[in-house]
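Quick heads-up: it's one chain on its own, the form predicted on its own, in structure tokens.
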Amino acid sequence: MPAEDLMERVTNLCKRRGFVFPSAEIHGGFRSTYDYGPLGVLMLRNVKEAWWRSMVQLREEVVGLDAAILSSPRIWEASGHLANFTDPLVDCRSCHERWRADQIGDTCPNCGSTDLTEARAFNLLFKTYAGPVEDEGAVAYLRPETAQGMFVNFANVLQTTRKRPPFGIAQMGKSFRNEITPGNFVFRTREFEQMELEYFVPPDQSQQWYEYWCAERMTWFTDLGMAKDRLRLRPHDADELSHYSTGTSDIEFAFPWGWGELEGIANRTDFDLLAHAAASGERLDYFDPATGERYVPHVIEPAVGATRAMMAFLIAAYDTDEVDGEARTVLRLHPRLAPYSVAVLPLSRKDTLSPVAHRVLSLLQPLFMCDYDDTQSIGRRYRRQDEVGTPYCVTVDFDSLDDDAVTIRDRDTTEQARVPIIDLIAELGSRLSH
């Protein structure tokens, strides 16, 4: 389908089915802010849990951190954000809209005017005040990234975990950037969630670990069902590189409007640890007792937006087909990402089926995120579950009263199989683990 149709369908589905709502909608909305609804909060949590499982749970050398959102100005002075975290801002003198100069060329996208102001630097940090007095002594900032919290806690983590390079610190959490032109739904917003790893390595191993993480992060997306032809790894040209980076690559996704950054993997060298050490007077290095060598580790940073990743997974999963001659919309989400793993559907709302259906629900809920739906025809309920990506429906029918069995329906194939209730957990566990 045309790209603009796909984007419109996905955003409509998100609003209609409770994935994403415009924030403060009853008050006229608030630009570039969104609320994650009953299904969206489940899927976003699943995206984050899939990342955490891959980056922390299944690795022995990576630990987690949850650093403060509200942070000291000294952190951002040391990191260079106060001086360098800027975008070029221009104003259109005709319609008074503001734009990033590096994204619009010489023409206003709103009115077509070429009468633009000279570009000037605009700092993206959100500034606030800590305490009752709003003066320069009370200035604080909302973090624009989670990375710096991991750098300033490097020594703390080293001492308490006794890790040695190569090792990593992982963090998920909110970040805030005062973007000049947010847009494309939840692709670029001023408030977003990041999932970042800072991987500390011996300096002479930085290139091999950079290449390792580029490959590893591509695999994460494809393992979760994203088609390889929707992804590409694009190394940055020399003039694109951040001043601290010796190599950066973006994992890009084929969004409806074109290729866009999904994740960045950067070799940050020793810039951050040296910067914070110089500003604080503290040593941020590693002493290797085996070799007697002391060095400042280099850092490889894979960084991905959780909300942006969720959006890409939704777009990649959106599909339409026909079942028994009837058109249906289906989200072919990987089972790890789907808001609900299982939907329990009694064939009828009659009191005779309700006790069995609720017994099945109670059996499954401790192990799987479940939905329960007993309204409208069974066909319509199947379509509703297909549309939100539920991998399996469990139907309780009148035969269940006699054989104590239920029917499992597969979202993608629509095939159905009869399973005894006593075997239901094992059967669903096997299917969902693939």
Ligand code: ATP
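Residue indices: 1-based, along the sequence shown. Everything quoted here is computed from the prediction, not taken from an experiment.
Another form exists, predicted in complex with the ligand; not displayed. Remarks below refer to it.
| Can you say which of 192-200, 347-355, 106-114, 148-156 gets within 4.5 Å of the ligand in the model of the complex, counting heavy atoms only? | Looking at the other structure, the answer is 192-200.
| said: Test of understanding: in the model of the complex, would Ala275 fall inside 4.5 Å of the ligand by heavy atoms? | reply: So Ala275 does not count as contacting the ligand.
| request: With heavy atoms only and a cut-off of 4.5 Å, decide whether Leu262 touches the ligand in the model of the complex. | output: Leu262: yes, in contact with the ligand in the model of the complex.
| Exercise: Ala101 in contact with the ligand in the model of the complex, heavy atom 4.5 Å | Ala101: no contact with the ligand in the model of the complex.
| in the model of the complex, Arg328 touching the ligand (heavy atom, 4.5 Å) | No, Arg328 is distant from the partner.
| task | Check each of Phe271, Phe122, Phe126, Phe187 and return the one that places a heavy atom within 4.5 angstroms of the ligand in the model of the complex. | result | When the ligand is considered in the model of the complex, the option within 4.5 Å is Phe187.
| Among Glu179, Glu211, Glu252, Asp285, which has any heavy atom within 4.5 Å of the ligand in the model of the complex? | Result of the distance check: Glu179.
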